[in-house]
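Quick heads-up: it's one chain on its own, the form predicted on its own, in structure tokens.
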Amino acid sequence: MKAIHGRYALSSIALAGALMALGSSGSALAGPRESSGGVQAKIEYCETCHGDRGQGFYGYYAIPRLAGQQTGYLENQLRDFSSGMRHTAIMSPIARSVSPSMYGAIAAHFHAMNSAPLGGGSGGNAALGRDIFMNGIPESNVPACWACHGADAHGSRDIPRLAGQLPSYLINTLSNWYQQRGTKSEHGYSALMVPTTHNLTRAQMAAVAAYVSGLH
């Protein structure tokens, strides 16, 4: 427990530092500047919150793992945050400060990382989660997760990697999909994910998160 609490403390400090850096540009949440060192500066800025090994952080908010994430997915999310398709008070202005020409290099950097899962646990039943991941829940119209995300949960192209993702981030994403992303995803995710998440109970979400968060 002490180690987990330590991670929470460190992530809170990192998030606070990022927010201070954002504010120091002269306008709230302005993001890093183009003139501050190009792509490498942007990558280092991302690592302020997501970690220099891309493992994510536990803090007031769960900050997702980027290590090993699919490049197409990362590029799409930067576009969506920049355009307003997705919105958070932190990521939206940061994405708008990054030139689209940099998306590929930033995505490739984090995709190349092979960091071990950060761990932390979801309190869910990992055995149940594996069953849902591999077989779905036919009676609830929940498809098998592996059919899109792969048997190893590594995803493919613009389908996200789930393996090693922070369980609390996954639970939050699943339980708030409609509110956070709605039904208008230009990449086609929401057509499947909105009904799927609607048909999962909180306990089932926690179970899936417990299973995939331990995969590498």
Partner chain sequence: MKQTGLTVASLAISLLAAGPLHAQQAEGNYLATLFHATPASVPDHNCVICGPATPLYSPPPDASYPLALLPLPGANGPPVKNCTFCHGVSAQGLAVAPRLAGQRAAYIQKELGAFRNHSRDNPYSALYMWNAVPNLHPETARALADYFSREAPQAAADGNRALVDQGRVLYQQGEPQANIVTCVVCHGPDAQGVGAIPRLAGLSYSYLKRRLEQWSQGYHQTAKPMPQVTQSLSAEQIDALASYLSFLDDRAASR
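Computed from a predicted model, the values in this text were never measured in an experiment. Numbering follows the first chain given and starts at 1.
The next section is about a form of this same protein that is not shown, the form predicted together with the partner chain.
Colleague: In the model of the complex, do 44, 59 and 94 all reach within 4.5 Å of the partner chain through at least one heavy atom apiece?
Modeller: All of them do, each having a heavy atom within 4.5 Å of the partner.
Colleague: Report the stretch among 106-114, 85-93, 142-150, 119-127 that approaches the partner chain in the model of the complex to within 4.5 Å, counting heavy atoms only.
Modeller: Checking each option against the 4.5 Å cut-off leaves 85-93.
Colleague: Can any non-hydrogen atom of residue 49 be found within 4.5 angstroms of the partner chain in the model of the complex?
Modeller: Contact with the partner chain, yes.
Colleague: Do residue 174 and the partner chain share at least one heavy atom pair within 4.5 Å in the model of the complex?
Modeller: So residue 174 does not count as contacting the partner chain.
Colleague: Answer yes if any heavy atom of residue 63 is within 4.5 Å of a heavy atom of the partner chain in the model of the complex; otherwise answer no.
Modeller: Heavy-atom contact with the partner chain at 4.5 Å: present for residue 63.
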